[in-house]
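We begin with a single chain expressed as structure tokens, specifically the form predicted on its own.
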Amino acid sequence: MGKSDTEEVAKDKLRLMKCKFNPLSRCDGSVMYSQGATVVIAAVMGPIEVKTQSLSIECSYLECNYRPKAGLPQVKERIREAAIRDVLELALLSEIYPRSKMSVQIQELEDRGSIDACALNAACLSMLIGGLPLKYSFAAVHCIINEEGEFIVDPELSETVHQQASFTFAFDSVDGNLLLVQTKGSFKIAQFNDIECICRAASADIFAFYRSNIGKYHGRSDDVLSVTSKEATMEM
């Protein structure tokens, strides 16, 4: 395999993912999640008491706050927060706990690229660990087109300096439907379609990471999870 082939393969791969469950004690579930050097902490609480102005008799109220590494949230953090909230509202089974509140807090610790996708993945893991009712889990992947026209999945911050375009996709774990699409820059429709396929394939690695680590957290191996999944399929 030549050097160029090796580099092309590497550009289609996600950076190393790591997570630590429940680093915080005063919440129902939390996770410290990292992709490469990008690190985020997400914490959830709920169902909890809701203020009267946010009360709904049909569903629970979702509170989502994103905080930068330092200082107060600016416009870009508010936009990121709104995008995360949109995905969480799609995934959350809010009808189960009406007249209550679900709270998701996300704290950026280090941004070294793909912070939007990293924050979404951290939020998903924290909701799974915290026991919030979900229709499905979700995974987000960031990809860019660099100045040479190459696709780079989950890029480092230094690789995005001269990017032509950037993309963030979020997929659900059941049907693989798109929950979020964010684009910036100029690109062709064919490039968009190719990057969607690449990101969809990469999301499978994130879902596998979820299953593996949550299985370990609950004391179940990947083999047990695989057997259980097969048994459930046979029963259906």
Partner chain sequence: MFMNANLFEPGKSKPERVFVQSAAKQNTRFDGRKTSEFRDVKLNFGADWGTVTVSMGDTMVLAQVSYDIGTPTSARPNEGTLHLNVDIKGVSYLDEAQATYDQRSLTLNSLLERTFRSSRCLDLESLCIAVEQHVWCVRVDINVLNHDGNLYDASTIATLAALMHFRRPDVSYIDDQIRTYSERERELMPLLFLHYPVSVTYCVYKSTPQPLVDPTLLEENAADSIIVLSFNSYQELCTLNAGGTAPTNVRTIMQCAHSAARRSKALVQFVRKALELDMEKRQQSKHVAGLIDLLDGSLSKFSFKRLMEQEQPMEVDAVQPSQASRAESEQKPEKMTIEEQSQAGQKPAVKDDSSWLPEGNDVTQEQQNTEQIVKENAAKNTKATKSKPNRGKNKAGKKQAAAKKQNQSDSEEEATHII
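Positions refer to the first chain, counted from 1. Given the structure is predicted, the values throughout are model-derived calculations rather than measurements.
What comes next is about the form predicted in complex with its partner chain, which is not displayed.
Asks: Scan M45, C59, L179, L62 and let me know which has any heavy atom within 4.5 Å of its partner chain in the predicted bound form.
Replies: Exactly one listed residue reaches within 4.5 Å, namely M45.
Asks: Select from the listed residues K188, R200, R67, K184 the one whose heavy atoms reach within 4.5 Å of its partner chain in the predicted bound form.
Replies: If I apply the 4.5 Å criterion carefully, the residue I get is R67.
Asks: Report yes if any heavy atom of E81 sits within 4.5 Å of a heavy atom of its partner chain in the predicted bound form; otherwise report no.
Replies: Although its partner chain is absent here, E81 would stay clear of it in the predicted bound form, with no heavy atoms inside 4.5 Å.
Asks: Can you tell me if D28 lies within 4.5 angstroms of its partner chain in the predicted bound form, counting non-hydrogen atoms only?
Replies: Yes - in the predicted bound form, heavy atoms of D28 and its partner chain come within 4.5 Å of each other.
Asks: Quick one: does K13 come within 4.5 Å of its partner chain in the predicted bound form, counting heavy atoms only?
Replies: K13: no, not in contact with its partner chain in the predicted bound form.
Asks: Wondering, does L72 line up within 4.5 Å of its partner chain in the predicted bound form on heavy atoms?
Replies: Although its partner chain is absent here, L72 would touch it in the predicted bound form, with heavy atoms inside 4.5 Å.
Asks: Among 82 to 90, 162 to 170, 145 to 153, 105 to 113, which stretch sits within 4.5 Å of its partner chain in the predicted bound form, heavy atoms only?
Replies: So the stretch in question is 105 to 113.
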